[in-house]
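Only one chain is given next, in structure tokens, and it is the form predicted on its own.
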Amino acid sequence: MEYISSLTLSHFRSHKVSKLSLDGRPVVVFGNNGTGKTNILEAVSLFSPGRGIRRASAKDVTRNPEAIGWKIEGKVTNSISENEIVITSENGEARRLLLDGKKASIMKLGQILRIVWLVPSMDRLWTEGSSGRRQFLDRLTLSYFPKHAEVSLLYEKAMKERNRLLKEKIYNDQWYNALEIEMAKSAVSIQKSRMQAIQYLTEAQNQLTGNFPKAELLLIDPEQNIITDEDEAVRALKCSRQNDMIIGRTSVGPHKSDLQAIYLNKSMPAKDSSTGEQKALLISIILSNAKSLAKISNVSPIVLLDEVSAHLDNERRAALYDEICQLGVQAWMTGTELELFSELKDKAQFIEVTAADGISTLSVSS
């Protein structure tokens, strides 16, 4: 089991200096709104590639008024080893990683920890635009395939250059051909990884023991079928070139795909389900992700659940805690009231967060 055994935040949002020692049990962070609970989960989420649960820039998370930069330190422990992670940012510059005392790429974090999360802003996932659903699916896919982030960056870089040519009305077949071959290779890898991730999630949902609904997950493309052949992907880009020149951007590819879900209990699209049902579906997917990761990769993911009890009745809340304990993962959960987590009792560590003069303070609650 992989878990974070220590965490120190320095000048990170509302935390001037906050330290935690942890033993692998689920972590409950409770306190009034605005005290800095979610800031702790955000810091943990930065132990993975990407911009964390808030998708904030390095400058955004630095503590003001000091604005001297910030540091997150942590130890990741499992049965055979321990890794020391130090992430820093100075003067709003991009994150820098020291892994066991040596400089490393942020992408390396995907090989150390697998982190998945559910935050309140995702409650509207099924009813808002496709961009958020793609990000959600890609975060899940990244947990299975750590190289997914690098491949996605390669695709976006090539697409950005192709879009520049389109906007500037530059006609050069050789340039387009080279970029489209590169885009096609990355696009096929992205789509295959997404589809495999959906398959893993579907299989794991059938193994959940808690009272959570099952979802049929679908990867769709509004313009065409999902392309998983490189030659076909190249042809699609080439055929769209004339139209793309008119609109000034790339109109086909994995950046246009969408994730849809069907609430199987009612054979109803997730977007038409109740708020509580949509929340339960998301929790079911996150739990399935954790379960399948532990089985497929023998890596126990870190699960971040911000304000997870919202819209859950007592029965589903108890089922969630039972599932987390059975999974044996370190889940970080936040809530305003300690009573919301009473079913966990001694199965979790409880951290109370208070704030005064804009500074968060942590205390271990018995």
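Numbers follow the displayed sequence, beginning with 1. Everything numeric here is computed off the predicted structure, so don't read it as measured data.
One more form of this protein exists, namely the form predicted together with a small molecule; it is left out here, but the text below deals with it.
Note on contacts: among Gly36, Pro301, Pro26, Pro49, the single residue with a heavy atom within 4.5 Å of the small molecule in the predicted complex is Gly36. Highlighted residues Arg133, Thr141 and Ile190: none comes within 4.5 Å of the small molecule in the predicted complex, counting any heavy atom. When the small molecule is considered in the predicted complex, Ser14 lines it closely, a heavy atom lying within 4.5 Å. A residue is said to contact a partner when one of its heavy atoms sits within 4.5 Å of a partner heavy atom; Gln326 fails this definition for the small molecule in the predicted complex, lying far away. Not displayed here, the small molecule is approached by Arg54 to within 4.5 Å at the level of heavy atoms in the predicted complex. Interface residue remark: Asp322 is not counted as part of the site for the small molecule in the predicted complex, having no heavy atom within 4.5 Å.
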